[in-house]
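Below you'll find only one chain, the form predicted alone, shown as structure tokens.
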Amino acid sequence: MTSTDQDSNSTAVRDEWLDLLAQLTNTIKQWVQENEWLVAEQQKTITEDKLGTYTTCELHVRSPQGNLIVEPVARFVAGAEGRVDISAFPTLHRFLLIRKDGRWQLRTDSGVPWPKEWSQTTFLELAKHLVAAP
């Protein structure tokens, strides 16, 4: 594969990843707004060896129980096709949202698969429990 082919492939993978992230953050923003929680976007710059440097969006969510950050981590991670962290404040607890087999899947911070499918109901339940956990 030539350098031009690699660059072209990297650009396509990065564009696909950015589209997936945009879809995810737009969906989460909609869920949050439907529940009348506050949400703000902040730009985040990520550098990956295979994709170079790119800018994406992280979300800062204020629920009645506490604050969450939905933070893209990387497209290239071990065992998955991308990772986004969902972290709570003030508890500092975290869930991993990974892209695997063409869909988003939840993992505990220690990597244990979460038994529920990624959905609005699951996100809202996690948000409440993450900020309330001791």
Partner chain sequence: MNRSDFFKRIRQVEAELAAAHLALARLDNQTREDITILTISSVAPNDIRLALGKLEHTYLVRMFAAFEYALRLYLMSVRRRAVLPRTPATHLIRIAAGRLSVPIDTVRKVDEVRELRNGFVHEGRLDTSLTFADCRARINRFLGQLPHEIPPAIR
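It should be emphasised that the depicted structure is a prediction, and the values quoted were computed from it without experimental measurement. Positions refer to the first chain, counted from 1.
This protein has a second form, the form predicted together with its partner chain, left out of what is shown; the following refers to that one.
Among 97-105, 46-54, 84-92, 27-35, which stretch sits within 4.5 Å of its partner chain in the predicted bound form, heavy atoms only?
Within 4.5 Å of the partner lies stretch 84-92.
Residue-level question: is D109 within 4.5 Å of its partner chain in the predicted bound form, judged on heavy atoms?
Yes, D109 lies within 4.5 Å of its partner chain in the predicted bound form.
Is there any non-hydrogen atom of V131 lying within 4.5 Å of its partner chain in the predicted bound form?
Contact with its partner chain, yes.
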